[in-house]
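What follows is one chain in structure tokens, specifically the form predicted on its own.
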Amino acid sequence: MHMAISQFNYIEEKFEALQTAHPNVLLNEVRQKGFQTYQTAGVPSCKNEEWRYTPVNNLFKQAFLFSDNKAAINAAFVDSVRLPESATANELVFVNGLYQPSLSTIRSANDEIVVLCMEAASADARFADILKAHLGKSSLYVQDGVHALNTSFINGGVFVYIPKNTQATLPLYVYQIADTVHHPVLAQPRSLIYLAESASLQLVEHYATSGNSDSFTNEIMEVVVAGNSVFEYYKVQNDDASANQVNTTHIRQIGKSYVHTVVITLSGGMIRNNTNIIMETPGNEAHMYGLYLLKGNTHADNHTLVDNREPHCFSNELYKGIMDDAATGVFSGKIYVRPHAQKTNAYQSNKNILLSEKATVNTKPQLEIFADDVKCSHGCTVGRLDEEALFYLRSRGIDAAQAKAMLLQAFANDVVEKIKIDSLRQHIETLIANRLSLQTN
């Protein structure tokens, strides 16, 4: 199993206790299937090609504990990590992977957004069939033991529903908080987001830590987008060096729809982001952007997947990385074009800059095309700052540090400008400007 026996026994005991303490016909069945996969697959090592550059099995050598839902996070701490203009957003707060209604605020009317804990949604006649049809579908694509472990412990998760013909006027901010004041924590947030026909939603995820112990957040967010709907997703990772994450965002376009994702990674420990977009209907459109601006020993691994299952779909993907100190960046992008998916247009690009001799990047763009009438391309670059551009700026009286920062900010801006929420974009621009001024002093 690639982990200490005591840790495996602890996980097994916790699973059996969860199944007994929180019986739920639907969730018990999903959890049981997840645990069977976890037992069979185990935790992947670097011998697994999908985890070749990210030693996630090392995390399982630590004594992470599950949350007892008695975390000491209060409203004052939530206030300290809120995003700009949060007073005009709906806010969901998770602490150690468990949804906290008392710390969350839904400002929209009930006819605009429905938020229920997953246990309540599975027992609600309006939504039980949706959960039964869509919960756990990400396991068809992500089949390793880490993903299965989250499914094994679905508890305290959230179901979000945007009704038909509803454009959510307020964005949805999701705060993932790790409370490590007393001990290292294994948090496993789970959510299912469903946009009915002709609906829209902007969703932002933000991560924060209280305490000095290590944390491991193993998250799965499944999103279902019906016909004529628009879904925007933004992830902001700017956490402590002790914060480790494996996040899977699995988006299924079950109707002709539009999806727009931006992943910003600035700091943390070992981070793995799986961003999957499954195009299940002709004419789907998706745009995927990512920026990993890393320093120290931060390790950020971005795995993306676009599965073109039907014809006439379009996807555009751009991920950029800047690595300094001993930081490590990984990009692995896959585009599948199924035999039936003629007239597919799919583009993928990964560009990287290394600022130090110790910084590393591993990049692997991939195309698997089984149709003959498509337009697809991919490419990657790895290099250093353009010396000619630096010389040009220096010749105009700009000092070396400022010139370097200007070039790096321009490089990053290709991704940051894709953030459509003005206050969030300005917040990220400020974080990046502060980071670059520190890097170049």
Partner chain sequence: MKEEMEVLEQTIGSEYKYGFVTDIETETVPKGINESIVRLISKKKNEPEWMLNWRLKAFAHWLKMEEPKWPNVKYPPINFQDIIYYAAPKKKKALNGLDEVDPELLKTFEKLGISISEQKRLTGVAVDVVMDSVSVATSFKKQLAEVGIIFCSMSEAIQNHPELVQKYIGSVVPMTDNYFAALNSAVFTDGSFCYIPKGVRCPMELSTYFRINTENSGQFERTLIVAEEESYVSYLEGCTAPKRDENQLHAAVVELVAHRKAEIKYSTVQNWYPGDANGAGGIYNFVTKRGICLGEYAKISWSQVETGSAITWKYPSVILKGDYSVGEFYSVALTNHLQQADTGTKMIHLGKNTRSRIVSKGISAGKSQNSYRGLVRTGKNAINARNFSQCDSLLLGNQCGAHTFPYIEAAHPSAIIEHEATTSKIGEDQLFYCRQRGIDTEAAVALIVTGFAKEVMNQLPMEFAVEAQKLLAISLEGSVG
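Numbering follows the first chain given and starts at 1. Everything numeric here is computed off the predicted structure, so don't read it as measured data.
There is another form of the same protein, the form predicted together with the partner chain; it is not shown, and what comes next is about it.
J.: Check each of D129, D79, E368, D111 and return the one that places a heavy atom within 4.5 angstroms of the partner chain in the predicted bound form.
T.: Among D129, D79, E368, D111, a heavy atom within 4.5 Å of the partner chain in the predicted bound form occurs only for E368.
J.: Considering D373, E388, E29, D399, which brings a non-hydrogen atom within 4.5 Å of the partner chain in the predicted bound form?
T.: Exactly one listed residue reaches within 4.5 Å, namely D373.
J.: Taking N90, H134 and R425 together, does each of them reach the partner chain in the predicted bound form with some heavy atom inside 4.5 Å?
T.: Result no, not one residue of the spot touches the partner chain.
J.: Please pick out the stretch from 401 to 409, 31 to 39, 59 to 67, 380 to 388 that is in contact with the partner chain in the predicted bound form, where contact means heavy atoms within 4.5 Å.
T.: Stretch 380 to 388 is the one.
J.: Could you tell me if H287 has a non-hydrogen atom within 4.5 Å of the partner chain in the predicted bound form?
T.: Contact check for H287: no, nothing within 4.5 Å of the partner chain in the predicted bound form.
J.: Is there any non-hydrogen atom of L354 lying within 4.5 Å of the partner chain in the predicted bound form?
T.: Judged by the heavy-atom cut-off of 4.5 Å, L354 is in contact with the partner chain in the predicted bound form.
J.: Would Y53 count as a contact of the partner chain in the predicted bound form, using a 4.5 angstroms cut-off between non-hydrogen atoms?
T.: Y53: yes, in contact with the partner chain in the predicted bound form.
J.: If you check in the predicted bound form, is A196 within 4.5 Å of the partner chain, heavy atoms only?
T.: Flag for A196 set to no.
J.: With the partner left out here, which residues of 344 to 364 have a non-hydrogen atom within 4.5 Å of the partner chain in the predicted bound form?
T.: Read in sequence order, the residues that approach the partner chain (within 4.5 Å, in the predicted bound form) are L354, L355, S356, E357, K358, A359, T360, V361, N362, T363, K364.
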